[in-house]
Structures are given as C-alpha cells and as structure tokens.
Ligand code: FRU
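One chain follows as structure tokens, the form predicted alone.
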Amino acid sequence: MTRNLLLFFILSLWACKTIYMNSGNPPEPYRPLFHFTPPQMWMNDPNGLVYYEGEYHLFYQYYPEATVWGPMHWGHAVSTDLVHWQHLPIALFPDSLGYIFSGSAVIDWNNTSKLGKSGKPPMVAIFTHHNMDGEKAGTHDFQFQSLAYSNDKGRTWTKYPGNPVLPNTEKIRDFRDPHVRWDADSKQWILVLAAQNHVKIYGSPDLIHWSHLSDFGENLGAHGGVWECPDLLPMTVENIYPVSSPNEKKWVLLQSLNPGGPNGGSATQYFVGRFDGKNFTLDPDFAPLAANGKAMWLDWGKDNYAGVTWADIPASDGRNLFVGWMSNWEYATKVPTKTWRSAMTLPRSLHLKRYPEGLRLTSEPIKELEKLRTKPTELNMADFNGMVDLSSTIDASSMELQLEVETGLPGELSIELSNDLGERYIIGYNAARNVFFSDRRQTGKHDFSETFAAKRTEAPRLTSNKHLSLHLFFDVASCELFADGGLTAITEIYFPTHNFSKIKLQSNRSCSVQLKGYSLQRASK
C-alpha cells in the first residue's frame, strides 16, 4: 500500500507539472518578468523615491493583509540598477495618528533637521497621516503631514515625536501626498502637496517648520477628479527646435488626478513654468495648453498613475528618473490576480524638450533595461505592406521592439499579439486619424470591469515629423509604448486566458520599416 501511495504521489506530481507546462500560464499567470511587483498582497502609489550610497529606494503604498486596499503601510525595496530589486521589511506602519499615505523622501545632506548622527546625513520621509476616526466622524482635517527619519540607509525608521509637522489648519478634506526637494536658488526646502483641486507650496529651512508660500492650479488643467501626488522639479530644456538660450531652465509640475484621465479613470498631467522661490507660474509658451480645462498628459494610457521622480540622483547621472503605478482606480481592486495586486511601470527618464510646437515633456525607458536583452532579431523592409510573423524569433510574452518608420500613404501600422484561443492585443499607429492606439477589447478576461475594455485607447500624435518611431515593451500582461522619442506614451495592462505566443507586424499601406527586436529575460526579484 505504501509503495502504491508513493507511486500515485509521484505520478500526480508529474501530471501537475505536465498540465502546468502545457497550460501556457505559470501559477501566478500575470506576474510580470521585469516590472516591480510586491511579494504578495496589495500595492499602489510609489512613495519616497530616493537614491543614497549606490541604492535606489522604492517605497510604496502597501497593505500586507489582503489583495485590496486597506490600512496603508510603506512597503520597501532597493535596487542598484532599477531593474533587479531586493524586497526589504515594511518601513512604516500605521499608528495612533492614522494610516501612512503617500509622500516622499530626501537625504538631508547638511543635517538641517538635526536628525542625523555620527556625521552622516539622515534619510527623511514626509508623508500624509490619514486619521480614519476623523474621517468617519465627518471632520475635514483628518489628513496632515508627518515626518520620519532613518540613520541606517532606510532599514529602520523613527517617527518624529512632534508630528504632525504640517497640520491641516484650513481643514481641507483632500490634503495629502507631500513631495519635497531642496531648492538651491532660494536656499530652502520646497514642499508641494495636493489640496483637492489645486496644489499648495510650502517652504522650510529644516524640514520640520513649514510656511505657506503659494497655491497653483485651481482654474488650470484638467479637473475631472481629485488632484493627487504632485511633484515639482527643475529641468533643463533640451532644444530639438533651435532657440537662442542654451541651458534654459524651467520647472515642471507633475499632477495626477482621479478620475478625469484622457481615456477614463486615473492619469497624470503636467505643467511647464517658472518657480521663483515662492510662486509657480506657467511658461507663456505652455499656458494655452493648460487653459479652459485642457491638459497635457504624461501618459495617455489607462495604466500609469501617481508617478513621481527619484530624489538625490547624483549630478554625474543627471537624469530625472520616474516610475508610476501601473493600474487604474476604475478596476485596480478587481483585476484577476490572486496572491498580489499591481505592478509599477518601467522606470523612465523624463526630458523637457522644445519642439516647433512648443515645450513638451517626454519619457523614455531607462538604458539599464538593455541588460535584459536576449535573442536579437532585425528586419529592414523598404516596401512593407501586409503581415510579417515574428513568433519564431521573439518571445511574445516578454519582449522589446523598436520600429523606425518612414510613413507613406494614410493607413494603419500595428503589432498584434495573440494566442490559440483567438484572444488578441493590438497596438499601433493610425495615420489617417493621426493617433496611436491600444486595443485590449479582445485580450481575454475583462468581465471584472465594464470600463476596462469598453473601447480602444487613443492618443494624438504630437509632432508633424514624417519619420515615426515606436519603442515598445511587453511583459506577460502589459504593454508600454514610447512613440516619437517618448513624446507620446501609452501604458496598458491586459489579462489573456493563456499567455500570448504569436506576434504579427501588420500594415495596410506601403511604408519603409526598420525593426529591431529582443526577447527579454526575467529580472530576479
């Protein structure tokens, strides 16, 4: 009997392995291979992005007890290259003042806060405390800003005993998501936070004592929902279009809102202007783009939200590095993942460029992702019209594609992923309508939300350049498109019943196409 049971057990394991290998999906079918995900349970906004002593720190909104939103903690991970991540213990836990909502972290290099020790600068986090008792009681001052600090590279944290450092004296119901940076010109710490339908800017000499400087945005940009997760950062203009002012400096305000995105639900808009140490004002060239409810979007897809930039990137690097939450509040708590919920977007490098059409913010995938490349393939097609099957040369579920296109007559160029069940995802460019598009209406599972696959996502092409470039990353259940050098971006998730295994490049008009493709290997967690 024992031998028979053992034989039955071995055969059962073999059968399970065979089913798994033939199913097209691993036990966690939608877990990405090279995007950051939590080890388990719920995750949303990235928080406290900071670089220190060779490590990129990623904190994030985390609920360790369920796969839906709950009492917020700060999860924590570190990386030396923004590609391979090490999970660390939870950094900040809820306390008597409330849940730990979104915020930011900086290195206090000159120890202005006097919280450092042994001659080392402290890592300081400023975040929103959300008091649930106050919210349930119907008060409007249940959100306020507090501080915590670390003297061991973010491994352990002490909450400041004098919290909150920025109370909600105006009793604004949505008063949250502080983002802090040092402004060398005005020689002060600058804090920008969301205040329902605008942002408030504060200044401080020491990260603890704050003075209100100004407000911005109540009648500018999109207002389809509550403003959240601002980030105010200086950037140097890169001149695509010749101008006479080299090393021109501007300030960019990233501002997320929910709902109100260009294709529904959550999204992030941006503003370009000047900051004089007190007021942020729109640049005259950019002002028309933010008037009368109009907005410029950092990403036109449905699944890039609450993104902010890393603090304290070394001057020798100089990049403005960004990451967002790869989901949408319309359906984030309902997506068909089992043990974990949500991923972060790919880290991106933001650039401010002057085009003939004006000042524009672009986003590009970071160069460190190139280390994941395997199995390169290349095609040069001078007169492409029809379909090319790439399935035998590139892994459809984990790949990078770069296309350079000399546009021809109006038509449509697209990449289609599919599986044997007839499910398909299509992304591309429609020249007749001059839009990029992402179509997940036939990708598989979407009955969890009426809005998830209600229509295809579209984004306008923002340049008249006849040369078209498409840079795409596919990772099991997501696609990120960076078009025209990142001038237009689309990020979207999808949930095929079985992994996509087939790839087609298609065009219904003749055009010249150069394609480079790579299968991408797993980034260890």
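All values derive from a computational prediction rather than experimental measurement. Residue numbers here begin at 1 and follow the sequence given.
A second form of this protein, the form predicted together with ligand FRU, is not displayed here; the remarks below concern that form.
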Please check if L191 has a heavy atom lying within 4.5 Å of any heavy atom of ligand FRU in the model of the complex. no
Heavy atom of D177 within 4.5 Å of ligand FRU in the model of the complex: yes
Taking the shortest heavy atom distance, is M72 within 4.5 Å of ligand FRU in the model of the complex? yes
Verify the contact flag for Q61: yes if a non-hydrogen atom of it lies within 4.5 Å of a non-hydrogen atom of ligand FRU in the model of the complex, no if not. yes
Identify, from the list F93, Y355, W329, Y160, the residue with a heavy atom within 4.5 Å of ligand FRU in the model of the complex. W329
Students should find that, of Y425, Y305, F275, F271, the residue having a non-hydrogen atom no more than 4.5 angstroms from ligand FRU in the model of the complex is Y305
L298, S349 and F482 all contacting ligand FRU in the model of the complex, non-hydrogen atom within 4.5 Å: no
Only one of 434 to 442, 77 to 85, 367 to 375, 101 to 109 has heavy atoms within 4.5 Å of ligand FRU in the model of the complex; I'd like to know which. 101 to 109
Can you tell me which residues in 194 to 233 come within 4.5 angstroms of ligand FRU in the model of the complex, by heavy atoms? E228, C229
